[in-house]
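Okay, here we've got a single chain as structure tokens, the form predicted on its own, with questions on binding and movement later.
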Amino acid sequence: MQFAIGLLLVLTLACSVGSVINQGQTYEYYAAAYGERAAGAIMALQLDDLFHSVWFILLSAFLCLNLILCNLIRLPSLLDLMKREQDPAGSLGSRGSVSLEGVGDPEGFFHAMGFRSIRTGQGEEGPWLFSVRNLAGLWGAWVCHLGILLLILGFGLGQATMEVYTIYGLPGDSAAIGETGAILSIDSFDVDLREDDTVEQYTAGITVRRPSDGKEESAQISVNHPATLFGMKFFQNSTGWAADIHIKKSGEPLQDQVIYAGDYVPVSDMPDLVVYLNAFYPDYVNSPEGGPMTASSSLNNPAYLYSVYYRGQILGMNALLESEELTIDDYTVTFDNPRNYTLIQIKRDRFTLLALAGGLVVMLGLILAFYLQEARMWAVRGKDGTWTVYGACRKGGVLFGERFLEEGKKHGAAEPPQKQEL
């Protein structure tokens, strides 16, 4: 148990660190955020991908092994305890934790205390009654440990084998989802704004089709409201701006296609010449510092911040309004039709159900441990025809004792002797 607690403390600390440090970034990112020494330590300790690091997986494996061994070691003694708790002989020879004499209606007393199945017998001292309830409560900790084990296995195996895909596009676009054999189609995409011009919600309508059997499923997804289709979970991750780029050569149309902010387009008949769309400003104005910015989310004065490269060398960078043309020798470039695109993240975790089962088993274990309190009652009849009733409860003994005394009085028990203070 001490080893398990130590492992849990280390894993808890590791998870806290993993939630603070942005995962999956480069050394340069960490150096800029935390300094070069901290960045070196992050990379050396695999804190950039903590949950897939060798040491985190080993600690989790040791915890799983510990839980398995704890449950295996505990099982024989637990089965023996179950057997002993159901044996009247062991209880009849003890005095219990609480008792009352002179009970006239013992069976009614048993029933009032929640004991339904009452066993009867004949002993040396006379007839006896015996009952036990909530034996399943003895299994609470054992079942809880089993649930934690399943939860760790489900999460660990899921993280190790999870498939993650990212697809972005505009309504009407379709793309294959990795190696799954399924195709994602973006049916619609809407951005809802609040009165103060801030984004309230992104909502995308999607359809997933499996060419292998022709089946398809559709759903609406939004931020924090994913959908599950064909065993994969679809998340509305983010959005950005896209536009149409038009390239002419000597006044003749050469190239028309969609370009996304942060992406580039090589000129078709001169691939060394590249147009890069750095950013898009829907309501372009100059900031007080002189740089480009947007005054609102409305398309009042759209502008495109572009860069032009030739063989990796930058030729120029500027903001181009929608009514303006960019001229590069014989080529002219224009942008128009700005609209939002959606970025959808797809995850497939084959062990989600195992983790869910583990969580349910943990809940069951907690219910068994805290709500099903194992208790016993037994009674022996004296020569005068009245009964002496005993009770014992492993958990919540004080509450059990108070109710025992209260119900016992209702069934003819004599007042228990009062303790005298010296």
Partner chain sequence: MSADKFLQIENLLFTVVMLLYFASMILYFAFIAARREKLAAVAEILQGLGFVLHTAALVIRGIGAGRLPLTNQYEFATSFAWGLCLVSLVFVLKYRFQVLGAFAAPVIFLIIGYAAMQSRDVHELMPALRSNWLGFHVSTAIIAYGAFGVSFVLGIIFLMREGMKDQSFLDRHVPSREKLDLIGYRSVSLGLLFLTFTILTGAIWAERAWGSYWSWDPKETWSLITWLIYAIYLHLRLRRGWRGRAAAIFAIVGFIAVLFTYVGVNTFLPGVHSYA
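Computed from a predicted model, the values in this text were never measured in an experiment. Residue numbers count along the first chain shown, from 1. What we label the rigid core is the largest C-alpha set whose atoms superpose within 1.5 Å from one form to the other.
One more form of this protein should be noted, the form predicted in complex with the partner chain, which is absent from this view; the next part is about it.
Contact with the partner chain in the predicted bound form, judged by any heavy atom within 4.5 Å, is made by just one of S77, N337, T198, Q313: T198.
A heavy atom within 4.5 Å of the partner chain in the predicted bound form is found for one listed residue only; from I148, L129, V103, M232, this is I148. Considering the partner chain in the predicted bound form, the lone stretch of 221-229, 181-189, 315-323, 250-258 in range is 221-229 [heavy atom distance within 4.5 Å]. At least one heavy atom of Q345 is located within 4.5 Å of the partner chain in the predicted bound form. A residue is said to contact a partner when one of its heavy atoms sits within 4.5 Å of a partner heavy atom; F56 meets this definition for the partner chain in the predicted bound form. Using a 4.5 angstroms limit between non-hydrogen atoms, G396 touches the partner chain in the predicted bound form. Of the heavy atoms in G40, none are within 4.5 Å of the partner chain in the predicted bound form.
Taking a 4.5 Å heavy atom cutoff to the partner chain in the predicted bound form, the contacting residues in 2-29 are Q2, I5, L8, L9, L11, T12, C15, S16, S19, V20. A movement of the C-alpha atom of A303 falling short of 2 angstroms is seen between this form and the one not shown when the two forms are aligned on their rigid core.
Once both forms are fitted on their rigid core, the CA atom of F351 lies 2 Å or more apart between this form and the one not shown. Annotation for V143: C-alpha shift of 2 angstroms or more between this form and the one not shown, rigid core superposed.
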